[in-house]
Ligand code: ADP
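Take a look at this single chain, the form predicted alone, given in structure tokens.
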């Protein structure tokens, strides 16, 4: 099995340690980053993402815990070796470009090679080649002030690659750019990851960037609060079969990247319960649903909160609709408990039912919800595909497609509407029962 390129174990970064103004910028961080991965450290300003990146770069020694790169503690290196590591192993792209205004673009890119004892002909050839590659070769004779922000950042990207580093760090690389320049720079960084096979670690608070990454670490107040796998990219980090399962929560996490897992689960159920109420009513409904999911109010109180007039703090929806909503939400929450207990089996050898038993129970939930009548062969196929979906062997689209297939082809032969209804409902149950975090 491949070994991680970068390992953090209980890593904490402490500023002014032992002084009255001591501050812990990172606390108990654990990561495994593999060679060739594209990792995004995501979160609001001040959450610790840049601190983690600069610790990996070799500029911020751990106050507590362990940081290993290629199996070595780089902070145990003598100064000369650490400089060598930063010069040849790490490349970095800054938000503010950090180009030297008195030097030409070519000289800015070639500058790091001076410290590697490369002669001028070699430096200029390498720098010009990179500038050409990143679409700014025609301005190599100009000074940075004569370039647009997007051009300056592409020059910065070229400079970061001039010593052919193994790891490329990018600290909010598009923070000062317009949308067009942002797209150009992001595409170039993605190219470096995809074609040059370089490991990328990017700091960002822009949710639009998340689709580029293999994995995203979400940080808040110096702590990694969750780790999410991007299902659209083939994973490099070894993952055991059934260890991960992609659910609707990942999609919601991209739309609401700063919300907690519990909040995303609330949104998932609320989205299913209603489509035609106002935003203010929706906010009230989310609050009541959160209390219901957490067990702070029972089903009767949940119905009351939905029926109560708006001016009295309720959602103000018809009683018949409120009772139907409560029935569906209650059923989803309890059905999701089956998945939650089954998914926890790796930590609980005494889990009370098997994968097949779980699939049979979930089959009963789905059939009861939509009053479907299946023959013996269809029933067996449904149990099989439910088991595959819950363990992550297939994704929601494949689940839907198999519902449409003929019985002869191991499907159910449902109509398109029936298949869509069953898939939609089943995904809601999974979203409640599966954690979006894939940390070991």
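Positions refer to the first chain, counted from 1. Everything quoted here is computed from the prediction, not taken from an experiment.
One more form of this protein, predicted in complex with adenosine-5'-diphosphate, exists but is not displayed; see below.
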> Pick from 49-57, 385-393, 408-416, 64-72: which stretch has a heavy atom within 4.5 Å of adenosine-5'-diphosphate in the predicted bound form?
Replying inline: 49-57
>> How about residue 375 - does it come within 4.5 Å of adenosine-5'-diphosphate in the predicted bound form, if we only consider non-hydrogen atoms?
In response: no
> Is there a heavy atom of residue 28 lying 4.5 Å or less from a heavy atom of adenosine-5'-diphosphate in the predicted bound form?
Replying inline: no
> Is there any non-hydrogen atom of residue 371 lying within 4.5 Å of adenosine-5'-diphosphate in the predicted bound form?
Replying inline: no
>> My question is simply whether residue 20 lines the interface with adenosine-5'-diphosphate in the predicted bound form - judged by any non-hydrogen atom within 4.5 Å.
In response: no
